[in-house]
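Here's a solo chain for you in structure tokens, the form predicted on its own.
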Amino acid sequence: MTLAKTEAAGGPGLLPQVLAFSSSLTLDKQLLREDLVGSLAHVTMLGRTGVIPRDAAQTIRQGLIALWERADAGTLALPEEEDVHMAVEVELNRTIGPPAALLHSARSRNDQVATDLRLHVRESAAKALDSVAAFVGELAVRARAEKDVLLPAYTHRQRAQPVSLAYWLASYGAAFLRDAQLLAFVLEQCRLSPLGVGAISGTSLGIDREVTRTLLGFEGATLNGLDTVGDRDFALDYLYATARLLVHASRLSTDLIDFTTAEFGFASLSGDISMGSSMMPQKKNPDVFELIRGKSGRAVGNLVGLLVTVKGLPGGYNRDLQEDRASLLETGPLLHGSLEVLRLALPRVTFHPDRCRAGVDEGFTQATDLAEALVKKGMPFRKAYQVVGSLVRRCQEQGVTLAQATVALGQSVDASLDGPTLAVLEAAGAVARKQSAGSTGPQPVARQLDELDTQAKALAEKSKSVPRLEVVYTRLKEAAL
């Protein structure tokens, strides 16, 4: 039996060119396991409700299980049909015969693909959430180990103020924690089962959506079929979460690319993550971080692509939605591959405390601390700002750093710049005096790291509570009709 190639719809078969143009099989073969799981839940419900005979339902179940096992063994070759859903049905007919024709009772490809995609996004988001939560914890561990390393923080890519390396690491921990929270939101958007809404308006057959939603591990059923079959909001949320996460990974990568240049010299790469040049034997390139940065652009493109696809569609299902496959199915490998490599690479970046500290001392980064010391003595901030600005210019004229300013030089600018006041220019003290919440002082940073740990662990637990596809399949294999 074939479907798309023949008179399946009561008319002539499709022209080969039309079939090739309309086929999504190459891409959505990746949804095979989701499709088999959805079909197992559906046929179990059909058998329980009596929509089809139980013996036929059991035959179909065994046929679907056999397809899963052949897919696991790498021996399943799907026929060239319009999509994975039709290909499964055709292969099922080839192996079990006439009962296969009963599987599509009370089901449309519209609710079938909506179910497959939610299962796919749920699986991918749960896996990513687990990985991102672990990465946040790893950043906190690294930060605690390097809390005494000082380096400049930057605004406008100019040296701004001294901070601890722990604080810098915590800043990315906070960003990736938000990404983990967004992935948890994506999982929330995938909690309702679409299966059972049919093509657009439900079915007159006596189905029970509660059965399928329970078997598939969903928390409830979608509210309205017309909305359900055209809804790709959950996919957009997933693509946005991925794009934003990889943008953060790109920004981290850019910092590390800069920090490992000879011009910065703050850090270096181990040989097992750096790559050489095909021509220049001295090169030790940060290709891994450049590739993460490059792949983030593809993630952004996938989000924009699906937004553009859905923006002009009317309600209900439209075939344009098939174009969601390219965006969705490329995004998972981008997301998981980038996360894996980032978690492998960051521990192989070594920071050099002396060079980092030199960047602090050479960059007039304690100027704000000196202005605030004058404020503590009663000087208005705008006046203090002008005084310190004058001292900075005087230091630049004499070719010395701010930390090297003598009392005599300070007094030549303003009488308030005495010895005790200039003492605040010592970098470690400048960092330690920052005690407000969210700042770079040791106690605030310790609190930030504790918060990162606490929230990351809670989010990791949420990821573990999501039913994974293998677990759902095992449960369906054992479910009674």
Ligand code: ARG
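Quick note: we count residues from 1 along the sequence shown, nothing fancier. As the structure is a prediction and not an experimental result, all values here were calculated from the model.
A second form of this protein, the form predicted in complex with the ligand, is not displayed here; the remarks below concern that form.
Chemist: Where does the ligand sit in the predicted complex: which of 400 to 408, 80 to 88, 119 to 127, 333 to 341, heavy atoms within 4.5 Å?
Modeler: It is the stretch 80 to 88.
Chemist: Taking the ligand as it sits in the predicted complex, is Ala373 in contact with it (heavy atom to heavy atom, 4.5 Å or less)?
Modeler: No, Ala373 is distant from the partner.
Chemist: In the predicted complex, does Phe266 have a heavy atom within 4.5 Å of the ligand?
Modeler: Residue-level check for Phe266: no, no contact with the ligand.
Chemist: I'd like to check something about Ala166: if you look in the predicted complex, is any of its heavy atoms closer than or equal to 4.5 Å to a heavy atom of the ligand?
Modeler: Outside the cut-off, so no.
Chemist: Would you check, heavy atoms only and a 4.5 Å threshold, whether Arg319 touches the ligand in the predicted complex?
Modeler: Close contact exists here: in the predicted complex, Arg319 approaches the ligand to within 4.5 Å, heavy atoms only.
Chemist: Here the chain is shown alone; which of Arg178, Arg159, Arg109, Lys147 has a heavy atom within 4.5 Å of the ligand in the predicted complex?
Modeler: Here the answer is residue option Arg109.
Chemist: Looking at Arg209, Arg244, His104, Arg325 here, can you tell me which has any non-hydrogen atom within 4.5 angstroms of the ligand in the predicted complex?
Modeler: Of the candidates Arg209, Arg244, His104, Arg325, Arg325 is the one lying within 4.5 Å of the ligand in the predicted complex.
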